[in-house]
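Read the single chain below, which is given as structure tokens and is the form predicted alone.
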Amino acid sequence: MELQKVLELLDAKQFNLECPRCVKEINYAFVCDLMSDALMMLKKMPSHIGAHGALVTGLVTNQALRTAEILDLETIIFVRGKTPTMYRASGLLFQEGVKSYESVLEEE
């Protein structure tokens, strides 16, 4: 199913502004809230699945983003009406020049 149809079907909003009109096929969905379970289950899958797979989760944290990154999943579908506000807020602050805690340690 094309990503645009997934968005319409779920009445969802796309947050990736770098790719506002991606034409992407979603052929596989992995539903999980425990990222450790996702890592254990998906590490056995063929690598080509990530390009056509989506992680469906209610966990809206950096751990969900990192898990998708580790598994080479390009799409995360956040459910239960949740939005990745922490991720968005972090990006907005970074754009305006707010430094991370880690950058302070690196400067010392």
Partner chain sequence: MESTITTYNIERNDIGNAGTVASLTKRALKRQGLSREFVKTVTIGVYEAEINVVIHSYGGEVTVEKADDYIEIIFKDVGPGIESIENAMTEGWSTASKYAIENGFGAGMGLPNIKAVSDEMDLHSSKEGTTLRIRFYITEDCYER
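Numbering follows the first chain given and starts at 1. Note that the structure is predicted; figures quoted are calculated from it, not measured. C-alpha atoms forming the largest set that superposes within 1.5 Å between two forms make up the rigid core.
This next part talks about the form predicted together with the partner chain, which is not shown.
Novice: Within 4.5 Å, heavy atoms only: does Val79 come near the partner chain in the predicted complex?
Specialist: Although the partner chain is absent here, Val79 would stay clear of it in the predicted complex, with no heavy atoms inside 4.5 Å.
Novice: Is Ala29 near the partner chain? Define near as a heavy atom within 4.5 Å, in the predicted complex.
Specialist: Heavy-atom contact with the partner chain at 4.5 Å: absent for Ala29.
Novice: Looking at the partner-bound form in the predicted complex, is Leu42 within 4.5 Å of the partner chain by any heavy atom?
Specialist: Yes, Leu42 lies within 4.5 Å of the partner chain in the predicted complex.
Novice: Would Val56 count as touching the partner chain in the predicted complex under a 4.5 Å heavy atom rule?
Specialist: Flag for Val56 set to no.
Novice: Heavy atom within 4.5 Å of the partner chain in the predicted complex: which residues of 58-80 meet that condition, in order?
Specialist: Stretch hits, in order: Leu59, Thr61, Asn62, Gln63, Arg66, Thr67, Glu69, Ile70, Leu71, Asp72.
Novice: Align both forms on the core first, then report whether Arg66 has a C-alpha shift of 2 Å or more between this form and the one not shown.
Specialist: No; Arg66 is a residue whose C-alpha shifts by less than 2 Å between this form and the one not shown when the cores are overlaid.
Novice: Is Arg80 displaced by at least 2 Å at its C-alpha between this form and the one not shown when the rigid core is overlaid?
Specialist: Comparing forms between this form and the one not shown, the Arg80 CA shifts at least 2 Å.
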